[in-house]
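Coming up is one lone chain in structure tokens, specifically the form predicted alone.
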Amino acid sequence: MGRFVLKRILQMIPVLLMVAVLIFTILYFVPGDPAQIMLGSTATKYELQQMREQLGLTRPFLVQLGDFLYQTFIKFDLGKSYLTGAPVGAEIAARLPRTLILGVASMVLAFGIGIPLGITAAIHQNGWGDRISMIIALLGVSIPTFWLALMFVLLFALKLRWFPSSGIGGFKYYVLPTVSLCFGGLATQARQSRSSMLEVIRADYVVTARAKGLSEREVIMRHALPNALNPIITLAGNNLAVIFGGSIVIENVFSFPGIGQYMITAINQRDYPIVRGCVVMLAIVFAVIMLLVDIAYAFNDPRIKARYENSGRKTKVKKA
């Protein structure tokens, strides 16, 4: 199992390097002049040229790219903001926990409701439980996240005044963003759980378990669900990545001071070090999520775990 984890970690390195090169290249060729934005429309050509040289924007592309990769992956320095001069790494470190809390809370809510909803729909196929569950899932897939977030602001924040509409503070500030963010993942998780359970619920081993006199709960929890989990786990990883990506939009709707709002503001201001730093950090978060999903997949499926363990043994035998 250790070989499996090590292999996946090593595979993350070229992925992160490719993401870093891609985002740097895109920002290098995108229209817009950071110096012009910093100095304003009244700046002279000489002042603009001086500012570009100060920011290092006049150097060749490959020199700037090499310096960015060296600073990021060797010195672990994401640079400083063009506008404020504040270290990007420190700002991300202050905002990342809020985005992680928002994402993890949305994930727990989506999985905690979506998976039981899908299992219930599968057990009561074509019944009222199935129809209600699938209507909820269909609404979740169809409704845009940003529109749902705006409706929540209008209803629960402005009209009913149950929750704050923006900012950060106590528990109440996380409720509306979390519910808005989890709704799409909840729907897809319910649909996948229903589909996976329907595939295994009529399998021979499930029929045999019922014939032995086991209760329906034992049949579902001990025999059907473990075998239906692999597709659910795979989709869970994708949903988690989508949830963290969607937090960029949700944070701007609710003026939530996380990574998403920080990055969107920087994009509008052409503050490239912030944009590059946020993208690299989000890529690391996504890579770690996929690693955890693969580990969970291996632990749930003994065949995958055994394959890597046997691979390690064969390697030792060959060396001997």
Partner chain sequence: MTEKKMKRGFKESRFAVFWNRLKRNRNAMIGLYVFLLLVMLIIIVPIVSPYDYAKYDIMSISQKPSLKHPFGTDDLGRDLLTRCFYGGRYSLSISLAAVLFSTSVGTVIGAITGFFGGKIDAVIMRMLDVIQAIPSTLLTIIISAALGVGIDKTIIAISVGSIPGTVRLLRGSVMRTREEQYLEAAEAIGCSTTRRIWKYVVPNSWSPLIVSSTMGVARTILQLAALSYIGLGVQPPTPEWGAMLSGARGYLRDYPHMLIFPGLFIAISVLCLNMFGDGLRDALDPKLKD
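Here the structure is a predicted model, which is why all the values come from computation and not from measurement. Positions refer to the first chain, counted from 1.
Just so it is clear, the following notes concern the form predicted together with the partner chain, a form of the same protein that is not shown.
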Does any heavy atom of residue 279 come within 4.5 Å of a heavy atom of the partner chain in the predicted complex? yes
For residue 195, is any heavy atom within 4.5 Å of the partner chain in the predicted complex, or not? yes
Is residue 245 close to the partner chain in the predicted complex, meaning a heavy atom pair under 4.5 Å apart or at it? yes
Taking the partner chain as it sits in the predicted complex, is residue 9 in contact with it (heavy atom to heavy atom, 4.5 Å or less)? no
Within 4.5 Å of the partner chain in the predicted complex: all of 175, 291 and 295, by heavy atom? no
Which one, 64, 252, 269, 49, lies within 4.5 Å of the partner chain in the predicted complex by heavy atoms? 252
Answer option from 138, 93, 74, 207, heavy atom within 4.5 Å of the partner chain in the predicted complex: 138
Can you say which of 53-61, 258-266, 66-74, 34-42 gets within 4.5 Å of the partner chain in the predicted complex, counting heavy atoms only? 258-266
What residues, if any, in 157-171 have a non-hydrogen atom within 4.5 angstroms of the partner chain in the predicted complex? 158, 161
